[in-house]
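One chain comes next, on its own, written out as structure tokens in the form predicted on its own.
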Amino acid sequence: MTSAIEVSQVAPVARTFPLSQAVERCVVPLLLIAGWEVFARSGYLPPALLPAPSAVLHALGDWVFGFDETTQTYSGHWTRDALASALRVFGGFALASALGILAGVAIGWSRVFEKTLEPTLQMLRPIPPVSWIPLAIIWFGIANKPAIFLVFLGAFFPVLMNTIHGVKTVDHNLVRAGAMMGATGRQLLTGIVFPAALPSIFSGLRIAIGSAWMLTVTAEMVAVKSGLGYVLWDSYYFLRYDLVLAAMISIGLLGYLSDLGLKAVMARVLHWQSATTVQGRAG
């Protein structure tokens, strides 16, 4: 028979230290960069077509700090370009989040909104956001507005669909319990349904922020003359592939940081969901 002492002697779950976590996260990027460096220096492709990571890092460094002006007109202007892109990303993302959550809750909660609003939105959803570029330029001109509009289109539908899913899949027993205790429809919606749908809503927001960064690059290629996407496209015309890759890395890093910010907010709002994997390992 298993005694209480034996139960208490069960080995504790192994803890992962921050250093080992950092190593785990860096293994794949370091392997990719090392493989890229070796391939670029092998001479299989001309260095101008496939710059080595060291050359890309040099271009990125000059773009950020402007130490030798090898990136010419962009030398030392990375912060300006990153802020221009971030303004469009978060402007469109904020608008898409607000409207996507409102429309998603309405469609998921009310049969009237589901019948009247959802068919139109579902017809618009398959249209690629880039196909709106001509109309966006005609409607808003060449400036921030068409870029924000395209970012909004790319971010809106992930938020909408995940919010609808989250509201419709709320445990009906919770709603029945609230109704039995005399809660009004508004109280059920704000006190039970919306909080229960938050995990799905945050999933949509994380997808949407990635889409927003992808769409802002597309928008900056055609609708504005500033930002990381514009630098990427302009560098392509001048065969500066080191700067093209530096712009791609910048967008990836900023997108990753944006997702980390959302995860931090999600961790505070959904504090009961501490595990990030099926195995329940935090971090």
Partner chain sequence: MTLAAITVAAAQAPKIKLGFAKCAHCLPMSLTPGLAKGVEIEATGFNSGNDVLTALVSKSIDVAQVTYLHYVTALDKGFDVVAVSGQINGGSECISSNKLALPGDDWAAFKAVVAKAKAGGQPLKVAASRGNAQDIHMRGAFLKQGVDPNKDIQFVNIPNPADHFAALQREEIDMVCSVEPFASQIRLNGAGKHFVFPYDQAAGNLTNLIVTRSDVVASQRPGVQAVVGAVVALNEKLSADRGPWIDVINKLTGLDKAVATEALKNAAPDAAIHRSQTLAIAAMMRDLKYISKDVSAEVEKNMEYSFLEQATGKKKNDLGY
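Numbering follows the first chain given and starts at 1. A quick note: this is a predicted structure, and the numbers were derived from the prediction, not measured.
What follows is about the form predicted in complex with the partner chain, which we do not show.
Trainee: Examine residue 240 and determine whether its closest non-hydrogen atom to the partner chain in the predicted complex is within 4.5 angstroms.
Mentor: Looking in the predicted complex, residue contacts with the partner chain include residue 240, since a heavy atom lies within 4.5 Å.
Trainee: Hey, in the predicted complex, does residue 74 get a heavy atom within 4.5 angstroms of the partner chain?
Mentor: Residue 74: yes, in contact with the partner chain in the predicted complex.
Trainee: Is there any non-hydrogen atom of residue 234 lying within 4.5 Å of the partner chain in the predicted complex?
Mentor: Yes.
Trainee: Indicate whether the partner chain has at least one heavy atom within 4.5 Å of a heavy atom of residue 98 in the predicted complex.
Mentor: Result no; residue 98 lies far from the partner chain in the predicted complex.
Trainee: Which of 64, 221, 55, 244 has a heavy atom within 4.5 Å of the partner chain in the predicted complex?
Mentor: Answer to the contact question: 221.
Trainee: Taking the partner chain in the predicted complex as the reference, which of 86, 142, 117, 207 has a non-hydrogen atom within 4.5 Å?
Mentor: Comparing distances to the partner chain in the predicted complex, the residue within 4.5 Å is 142.
Trainee: Are all three residues 192, 195 and 254 in contact with the partner chain in the predicted complex, where contact means a non-hydrogen atom within 4.5 Å?
Mentor: The answer is no; none of 192, 195 and 254 reaches the partner chain.
Trainee: Using a 4.5 Å heavy atom cut-off, which of 40-48, 56-64, 27-35, 246-254 contacts the partner chain in the predicted complex?
Mentor: Looking at the other structure, the answer is 40-48.
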